[in-house]
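Only one chain comes next, encoded as structure tokens, the form predicted on its own.
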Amino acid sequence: MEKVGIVGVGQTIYERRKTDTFAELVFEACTSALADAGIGIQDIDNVVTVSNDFWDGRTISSMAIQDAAGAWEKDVSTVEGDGIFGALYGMMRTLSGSFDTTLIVSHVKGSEGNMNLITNAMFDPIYQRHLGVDATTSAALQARAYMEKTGATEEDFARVSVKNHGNGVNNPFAQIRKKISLEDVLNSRKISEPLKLYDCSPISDGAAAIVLSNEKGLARFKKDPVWILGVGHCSDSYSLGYRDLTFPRALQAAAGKAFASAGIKNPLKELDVAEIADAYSYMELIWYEGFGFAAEGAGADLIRSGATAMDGALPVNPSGGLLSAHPVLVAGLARIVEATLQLRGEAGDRQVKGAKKALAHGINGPCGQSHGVFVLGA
């Protein structure tokens, strides 16, 4: 297969109640990625935008930000969902042979919407919405099921929160830069049993963008690319009742495809850093198992061992993850941005020394219905 590389990345600072417009966020992320790549918009062959009408509060939300992405007089297409699926689509367009370079951008202003109302609307309108279920209450159901199956405790979930919030202190793009203790997490107010305030990611605004190039297009760039070594994506059932919420079959399948393409057999040993979607603290433990970092039911053992801390065998979420900033839709693309910075040795105080292979992960749908996995290499 022809190789595709990441040649430019950009992101805004993630905050709540940003005063920038949607277009201004997109423009900032795109111009940052183009500057990082050392090119102008004239060197981009096509553009992929990622947005969601519910979060933007208007019909065809992608339409209104295309000028800000420099997409006029260019081939442009749109993706609804997490940014990692926009990156996947952008890679496919680059591999198609029709385009040598692709700009992908995702944006959201989550703090201008009503998260409970918007995420309630992703459930079945006849049988489920009237129950009041939303992203957080469905996550709480998943967390409780996982605890009952594996014996994981609220303290185990808190360990994830303490680790990732501690990492987020070193990330100048994070919304929450605050060290917290186990007691802080365990004593924070209950949101939805068993989840507490610090088990839940904040609602963030922001945008991220990346530039992809095939080998032919690389002549336009001065920097060495970060190569996409493997990609996998998979979706589980829409209905929660048809899924085993305690084990992510879709993630296992997506990661298996990505690792096979990248030639990775033991991800815990062969990866140097991982940026994964920890929208809620307990999710990181379940995803450990889906990635094969830990055996099924042993995610809590891995966080207790310290293996995923900054000084562990595989640092997970050195950026602070989604628990430190969660711009819905942007989150997966931001994970690719962070992984790219790690492999270029440009992650500042959150740098994992000598990182050569990195994993980036994004999710879509309640309780991690769909998963996208990228393995990147320097």
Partner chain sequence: MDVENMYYHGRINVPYKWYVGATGSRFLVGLRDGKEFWGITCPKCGKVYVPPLKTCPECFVPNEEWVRLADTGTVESFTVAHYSNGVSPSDIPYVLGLIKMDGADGSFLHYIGDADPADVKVGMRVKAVFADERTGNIMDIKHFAPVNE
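Model, not experiment: these values are computed from the prediction. Residue numbers count along the first chain shown, from 1.
As for the form predicted in complex with the partner chain, it is not shown, yet the points below apply to it.
For the options Asn266, Asn116, Ser305, Ser181, the residue carrying a heavy atom within 4.5 angstroms of the partner chain in the predicted bound form is Asn116. Contact with the partner chain in the predicted bound form, defined as a heavy atom within 4.5 Å, holds for exactly one of Leu186, Val76, Val169, Val133, namely Val133. The candidate stretches are 209-217, 98-106, 281-289, 188-196, and the one lying within 4.5 Å of the partner chain in the predicted bound form by heavy atoms is 188-196.
The partner chain in the predicted bound form comes within 4.5 Å of a heavy atom belonging to Glu148. When the partner chain is considered in the predicted bound form, Val226 lies well away from it, no heavy atom lying within 4.5 Å. For Ala152, no non-hydrogen atom is located within 4.5 Å of the partner chain in the predicted bound form, even though that partner is not displayed. Among heavy atoms of Gly348, none comes within 4.5 Å of the partner chain in the predicted bound form. Contact with the partner chain in the predicted bound form, defined as a heavy atom within 4.5 Å, is made by all three of Thr19, Gly57 and Arg144.
Taking a 4.5 Å heavy atom cutoff to the partner chain in the predicted bound form, none of the residues in 31-45 make contact.
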